[in-house]
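A single chain, nothing else alongside it, follows as structure tokens in the form predicted alone.
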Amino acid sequence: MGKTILPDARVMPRFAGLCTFCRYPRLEDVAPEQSPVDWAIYGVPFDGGVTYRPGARFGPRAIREASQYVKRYHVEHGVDVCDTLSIADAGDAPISPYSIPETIEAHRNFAREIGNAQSTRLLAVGGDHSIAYTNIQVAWERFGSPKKGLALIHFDSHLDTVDSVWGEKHGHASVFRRAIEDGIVTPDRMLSIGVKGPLNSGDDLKFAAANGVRVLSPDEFRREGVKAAADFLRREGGEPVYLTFDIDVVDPAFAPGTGTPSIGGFTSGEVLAALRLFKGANLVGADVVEVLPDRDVAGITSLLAAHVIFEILALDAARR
């Protein structure tokens, strides 16, 4: 639809007023001429799927606050996101803190009702990575095909293709295995960027290798990333693509606020540049996950996550 009406920062300071993602309007406040929205951003404050340190349930709240200083014009893409897209904050999905299955069901029911099922794209803000499964599923229902899954751009230190941990098959370490098994992601159309060790076992790599997932470590992406992104875009053309972003793909020197920190990752500048390589992708959904505010120094992880959200929106605005 285009156009997002923001508060004038010269009239209503960024430190005042209602705190929403990037100061975008609440979904219920979107003017009729801006509806249905192109992108609805919503929080999923759930971390019951973690295998190490909890606390990402507070991620959506912290990212909303950090995003108040995210502005509207993307210099590198040369696009005003708010002139091109209608964007809104859809609030937070209901969750059941003691139950992953109940959270999946409540989250799914909530997401299916957001915006217009034929045109509104959903950007979920976690929470742990287990919340991505439901957002991918709803994106596939809206823009995918019954005969094949979505293509996937996956930024993460971990493959998240473990079968189960402690008997749980829907934790944050299993999200893409479930998505592939359920046919909502096509594995040989999946590009995993930033994966690095150490691992529990070499067996952790077998599922991805056996199913054709392309995996690039940070060093491999530094060498081959431009070509890998160009090849991905050429292959997919205008096909629907989902983008999932785990903040732990960034080195903890730049993003300490996460529950599973992994040394040797990207700098914040490198990861923003990597995202920009995917200009032209037909993004139909996205998520940004695993921000843990209690471990965050000066809010830099939440601030980075807020800018990743903006980069994702800018990719779609630039394509349009």
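Position 1 is the first residue in the sequence shown; the rest follow in order. Keep in mind the model is a prediction, meaning the values are calculated, not measured.
Just so it is clear, the following notes concern the form predicted together with a further copy of the same chain, a form of the same protein that is not shown.
Comparing 178 to 186, 231 to 239, 89 to 97, 132 to 140 against a further copy of the same chain in the predicted bound form, the single stretch with non-hydrogen atoms within 4.5 angstroms of it is 89 to 97. Of the heavy atoms in residue 251, some are within 4.5 Å of a further copy of the same chain in the predicted bound form.
Within 4.5 Å of any heavy atom of a further copy of the same chain in the predicted bound form lies no heavy atom of residue 210. For residue 115, no non-hydrogen atom is located within 4.5 Å of a further copy of the same chain in the predicted bound form, even though that partner is not displayed.
Although the partner is absent here, residue 146 sits far enough away that none of its heavy atoms falls within 4.5 Å of a further copy of the same chain in the predicted bound form. Taking a further copy of the same chain as it sits in the predicted bound form, the stretch 184 to 208 comes within 4.5 angstroms of it through a non-hydrogen atom at 197, 198, 199, 200, 201, 202, 205.
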